[in-house]
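One chain follows as structure tokens, the form predicted on its own.
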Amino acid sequence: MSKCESCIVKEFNSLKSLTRDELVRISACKTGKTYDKGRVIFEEGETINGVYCVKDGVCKLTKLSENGKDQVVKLVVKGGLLGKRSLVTNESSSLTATALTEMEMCFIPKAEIMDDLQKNANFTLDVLQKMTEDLKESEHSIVNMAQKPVKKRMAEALLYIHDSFGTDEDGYLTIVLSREDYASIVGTATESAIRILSQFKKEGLISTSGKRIRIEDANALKWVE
């Protein structure tokens, strides 16, 4: 397990604002964890008491809706920090984190990082800025749900996954999601998501192989209404 002060992953999150001495101390108390695809990292209602630094892999954050279905709120990749709210509040987690791929993470206990929040203004500001960005993303998602047609939201979701996470050697999206996950991301019924993806395939915008999806005409997807 690499040391925090020499880990390139920290450059992608708030840990970059810590001093070398602070990183050395945190490195001595962190715990390395691996998660298989599909494993739950933490659940909604659970007390986290620390942050998870994503060293490799991708996970989804979901919220259980009133109808009992999981709503995908965000996808988190290498460099992401999970559990930031636990640093500034004693509330339990409002989301569930589940590994979409095999993941490697480091867990840093809250007790070990609170002193840095209190003494390192740059670190505190960075954490607050990241939380503000998360809130902005949530607001943007709410507006999309309210104002954009479901076909448009599906097209944008496919392009987002393509642009953010890339493709494999065969051109398929690296992140393999179930049709239920796609439905959850765009806020529609699974049957509707399946129907829209089938329509995209029929129109030559995408091709599929099982759960895998390959974008064939990204420009046309941008103009879907």
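From 1 onward, residues are counted along the sequence shown. In this text, all values refer to a predicted model and were calculated from it rather than measured experimentally.
This protein has a second form, the form predicted together with the DNA, left out of what is shown; the following refers to that one.
- Residues placing heavy atoms within 4.5 Å of the DNA in the predicted bound form fall in a single listed stretch, namely 177 to 185, out of 38 to 46, 157 to 165, 52 to 60, 177 to 185.
- Contact annotation: P149 falls within 4.5 Å of the DNA in the predicted bound form, judged by heavy atom distances.
- Of the heavy atoms in K201, some are within 4.5 Å of the DNA in the predicted bound form.
- Although the partner is absent here, E66 lies well away from the DNA in the predicted bound form, with no heavy atom inside 4.5 Å.
- Taking the partner from elsewhere, R214 is found to have every heavy atom lying beyond 4.5 Å of the DNA in the predicted bound form.
- Scanning 189 to 215 for heavy atoms within 4.5 Å of the DNA in the predicted bound form gives A189, E191, S192, I194, R195, S198, K201, K211 in sequence order.
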